[in-house]
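Shown here is one chain on its own, the form predicted on its own, set out as structure tokens.
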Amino acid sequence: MAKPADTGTDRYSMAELMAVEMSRNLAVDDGTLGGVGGGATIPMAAVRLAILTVAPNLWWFCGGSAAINPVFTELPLTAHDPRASVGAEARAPMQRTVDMGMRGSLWGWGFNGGMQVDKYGNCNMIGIGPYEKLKVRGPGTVGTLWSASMSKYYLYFWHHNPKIIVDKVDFISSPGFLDGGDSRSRVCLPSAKGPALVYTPMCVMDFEEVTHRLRLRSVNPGYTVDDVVKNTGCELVIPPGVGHTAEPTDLEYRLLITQIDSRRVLRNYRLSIG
């Protein structure tokens, strides 16, 4: 049975830790335009925190709100929440957003999720089981097809278990590295480099440079490498000396709860393991 994700401390929640870690890794995207999808509560917080800390020149599109560079202090529950437009510099028509996404000419980064992800970073939002008789039907490809054209993107999951992180997804709605190796480059735009990092309540992962298999990068506080292995449905590349994801600094945490999530949405955000 799934259990709530626990950092092992009352100082911060797992959702808050994930938001902080996501924000740090956006430093390399400073000066570029990216975006988040509809249910991207944690990534929305991460982008705002990155702008306040490591990426002051980041530009971003906030999902279904169509808002460009919003500056909310009350974290929206979804990108469709009216709060997601607070303080925005502009709003982009959805037709233009779709055009940018498919061409990949302006999108420097994005955040994607899914019902499943496999060892090569392929994601499934179509459904679980044979298509003629799906056990669970998902929302479809939505904006995940843009992962074949945008420069790079980050994957995130609210739950970590062997049914979500699998050896092979049932369907591919968001192409990762397909069958590994150079298979992605034969299908996707040459400028679209694929998924960079994968965030879950247990760990942060990236991809091995040649095979492009999922590789463990750091383990979140409260868990061990063995915990990650036991709760993952595919074989991971595990380099020696994998450490723990760094805890939020006092500054990062203070900015998060005063300038971004003043209603403390992330404090009680439900993430699970198993």
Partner chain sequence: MASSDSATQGGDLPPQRKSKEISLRQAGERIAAAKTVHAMNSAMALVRAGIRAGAKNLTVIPQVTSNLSVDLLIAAGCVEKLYISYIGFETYGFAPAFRRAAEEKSISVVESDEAFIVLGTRAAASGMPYVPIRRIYEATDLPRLNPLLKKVLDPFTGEETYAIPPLPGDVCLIHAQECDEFGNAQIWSGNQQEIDKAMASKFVIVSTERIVSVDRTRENVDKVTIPGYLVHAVVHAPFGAHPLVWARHYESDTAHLKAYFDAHAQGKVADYLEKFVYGCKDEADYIERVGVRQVMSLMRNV
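Positions refer to the first chain, counted from 1. Remember, predicted model here, so these are calculated numbers, not experimental data.
The protein also exists as the form predicted in complex with its partner chain; that form is not presented, and the subsequent description refers to it.
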{"query": "Distance check, residue 193 to its partner chain in the predicted bound form, heavy atom within 4.5 Å", "finding": "no"}
{"query": "Touches its partner chain in the predicted bound form: residue 150 (any heavy atom, 4.5 Å)", "finding": "yes"}
{"query": "Any non-hydrogen atom of residue 108 within 4.5 angstroms of its partner chain in the predicted bound form", "finding": "no"}
{"query": "Heavy atom of residue 34 within 4.5 Å of its partner chain in the predicted bound form", "finding": "no"}
{"query": "Contact check for 77, 136 and 158 against its partner chain in the predicted bound form, heavy atom at 4.5 Å", "finding": "yes"}
{"query": "Stretch from 236-244, 64-72, 49-57, 209-217 whose residues place a heavy atom within 4.5 Å of its partner chain in the predicted bound form", "finding": "64-72"}
{"query": "Members of 138-163 lying within 4.5 angstroms of its partner chain, judged by heavy atom, in the predicted bound form", "finding": "138, 139, 140, 141, 142, 143, 145, 146, 149, 150, 158"}
{"query": "Change in CA distance between residue 175 and residue 149 in the predicted bound form, which is 3 Å or more, as closer or farther", "finding": "closer"}
